[in-house]
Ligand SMILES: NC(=O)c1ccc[n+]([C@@H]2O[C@H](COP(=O)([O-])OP(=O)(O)OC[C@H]3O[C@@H](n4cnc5c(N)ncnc54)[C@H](O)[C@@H]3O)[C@@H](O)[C@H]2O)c1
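What follows is a single chain, given as structure tokens, in the form predicted alone.
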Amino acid sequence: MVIGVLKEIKPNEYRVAAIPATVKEIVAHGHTVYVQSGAGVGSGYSDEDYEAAGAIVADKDTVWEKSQLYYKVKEFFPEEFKWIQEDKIIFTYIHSNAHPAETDVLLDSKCTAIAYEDIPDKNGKFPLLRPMSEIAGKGGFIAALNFMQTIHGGPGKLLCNVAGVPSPIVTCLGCGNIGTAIAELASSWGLDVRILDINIDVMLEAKKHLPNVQFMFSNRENLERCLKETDVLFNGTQWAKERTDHIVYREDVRLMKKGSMIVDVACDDHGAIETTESTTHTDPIYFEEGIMHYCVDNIPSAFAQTASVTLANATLPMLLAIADKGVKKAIEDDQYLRAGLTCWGGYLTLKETALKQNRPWTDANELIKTW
């Protein structure tokens, strides 16, 4: 199979889907890899690095034209739509539920599209999101360290244990990969760390690895207490696009003390936190109800090399399954890969997008019986 590694065009996006080590593995399986010139520069990889690994480095148009499978990081933008055709396979973070125009193109083209973010494992976790969640959580903590500084409009509070000064308090909404990543750093810095969740089993498991963190059941009493006392509120809870309720409402934000901060790592607009609106690395913060908000929607891009390595490691086994077996056989054989199928042959197979955009849905498990 011919695989194309594209240079991302989203502003402030520096990750790349395949690193040179990934290319070497794909080529060893007998496949051809085209890499767009400059695709890896933002992550610290030169064109020469890719050529040494066995890739063919080419201009943008050549990679788009020659490739059977597009191997990317982010969703497709309008200037890329013309390349999405029936005989193409797409493997990337698609986020189709948030991008109706992209969904139109995917369906009209009758291409095969598989989304990283929708592929689960046997435990109901999302292995291609996990590495990005960890980096986003830790990157969110680093952002809080930065923007709590006086020179960036913060209260000038250092987020660590300093002799003679009370330890700052941080609260994480959610005990998933984001919350535990934040707690790992924050607790090692000597902070008073609290995690709120509703799954006691998940909290008990996390407690084994984070003995200095307070694990609290997420109810109104505990939430209001934390909001009043916390210096930085982190959110790691993903919020379904169709939901209209919140964990933290606007009136709850008013409970927070002067100089405190919200870092929404999950970054769903008006999601778990009502006052969240996604921002960029170029313009990362804003104030609502007197509280600084940091809601950058692609934190991992700030740590592009680390993020690219972990993402490439996570996606490679599934990429090889598709390339080695062919996409139909790979989808038939792997129920988890099948769950990540967004569309095939003009059929929308991702239920969340169908519900959000009021489109017909086709069960992928039934669809494969017609192949």
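Here the structure is a predicted model, which means the values were calculated and not measured. The first residue of the sequence shown is number 1, and the count goes up from there.
The next section is about a form of this same protein that is not shown, the form predicted in complex with the named molecule.
Of the candidate stretches 236-244, 98-106, 157-165, 142-150, only 236-244 contains residues with a heavy atom within 4.5 Å of the named molecule in the predicted bound form. Think of it this way: in the predicted bound form, the named molecule has a heavy atom of just one of Thr171, Thr276, Ser133, Thr112 within 4.5 Å, and the residue is Ser133. Contact annotation: of the candidates Gln214, Ser187, Thr92, Asn177, the single residue with a non-hydrogen atom within 4.5 angstroms of the named molecule in the predicted bound form is Asn177. The closest heavy atom approach of Val232 to the named molecule in the predicted bound form falls outside 4.5 Å. Contact annotation: Val202 falls within 4.5 Å of the named molecule in the predicted bound form, judged by heavy atom distances. Residue contact with the named molecule in the predicted bound form: Asn298 places a heavy atom within 4.5 Å of it.
Contact annotation: Val265 falls within 4.5 Å of the named molecule in the predicted bound form, judged by heavy atom distances. Using a 4.5 Å cut-off on any heavy atom, the residues of 193-214 that reach the named molecule in the predicted bound form are, in sequence order, Leu196, Asp197, Ile198, Asn199, Val202.
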